[in-house]
Ligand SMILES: Cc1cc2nc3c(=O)[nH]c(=O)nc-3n(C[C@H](O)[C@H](O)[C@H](O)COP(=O)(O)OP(=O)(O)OC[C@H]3O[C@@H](n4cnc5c(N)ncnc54)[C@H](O)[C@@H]3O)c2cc1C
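Single chain ahead, by itself, as structure tokens, in the form predicted on its own.
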């Protein structure tokens, strides 16, 4: 008889991992602490409950989120099957009735005879093979156990994220490469005149901020204050903080700018650039409006928006293997938002892969990760290759994916080619490792009304 596996967490990643293991013939003990112990975010004891938006984002495969869904459907994602049955009208996005969706996820898990749902708090790391998918609201007891396993800096509780922009959308007639006093010259700089800076500060001060949920409230640390908090302290605070122009010369004028927004390379290929020091709680619409005022960013595409919130996530590149296992425990895999992925589908996709890899480990095989030309593989590459000193959660975007071998200027055509290559490479990877594709990989067309 095979050794049973434990999956801790009944969210999207945990359900996907448990179902993948069970449908592969493994007995699974799925541990979910609700309703024995509730969280500030959840409102029911249903598995797979959505606690934020009801949207899984775009299904267009030329969109990074759409391509990730196509890869998930190829793997037989249960989340997407349930989402199809709970679908509500949302244009090209996949949105659901959240209660119908959670009921469908719960039924899918409870209908699997090899899964035994246990309602209790997991207060420590399991002794046997396991997938840990407890998300950003991991209990204090399990968090302490994870820290004991990974070290004090292995688990973060505070997430201060700056926006990331796509290199292709920057205006090279304005943006220039330089470091302060000619050091670290691989920074990109967006120079501002005094009127541009003062108009920007005024917009930041007037911008509408996201208050978040009660469970999302965090204290601000002086080292990572939101830009709107700094702007409120005085008109020159940002100019003497993250926007200081000291040591920089604008090649257009031969003089020092009044202020500057610096961009730091986020990936080896130079496709993604981080807005240094621009963590913010401005609403996304306000970020789009205000940050487009920055010289050189008027046409920029934002790959990730800024945020500050409570979050538990692991320092993946410093503490885990490529498959998400801690040192010395190849039979324990972390999955979901706890690993540093952002978003519903990203979390669920990592759960599917954790289920595949735990089954492989228990069968005496090496774990596998898709190539970085695929969306899931590119996301996993980011987790394992990011700078551990600056590691922050990430969601799907084309900037993560290995660049095309040729230069394609048309943005839509470029994304179509990236998606075409991603799917071909994903299927090839599955074939090499004996992972059978699901029979149906296209998006479903059912609606809530049709599924009732």
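Since this is a predicted model, take the numbers as computed values, not measurements. Positions refer to the first chain, counted from 1.
The protein also exists as the form predicted together with the named molecule; that form is not presented, and the subsequent description refers to it.
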None of 138, 271, 74, 274 but one has a heavy atom within 4.5 Å of the named molecule in the predicted complex; the exception is 138
With the partner omitted here, the residue among 122, 297, 230, 356 that in the predicted complex has a heavy atom within 4.5 Å of the named molecule is 122
request  = For the three residues 63, 163 and 190, verify that every one has a non-hydrogen atom within 4.5 Å of the named molecule in the predicted complex; reply yes or no.
outcome  = no
query = Is residue 324 close enough to the named molecule in the predicted complex to count, meaning some heavy atom within 4.5 Å?
reply = no
(message) If we define contact as a non-hydrogen atom of the residue within 4.5 angstroms of the partner, is residue 133 a contact of the named molecule in the predicted complex?
(response) yes
Considering only heavy atoms, tell me if residue 5 and the named molecule come within 4.5 Å of each other in the predicted complex.
no
- Quick one: is residue 423 in contact with the named molecule in the predicted complex, heavy atoms, 4.5 Å cut-off? no
Exactly one listed stretch (413-421, 47-55, 399-407, 382-390) reaches within 4.5 angstroms of the named molecule in the predicted complex by non-hydrogen atoms, and it is 47-55
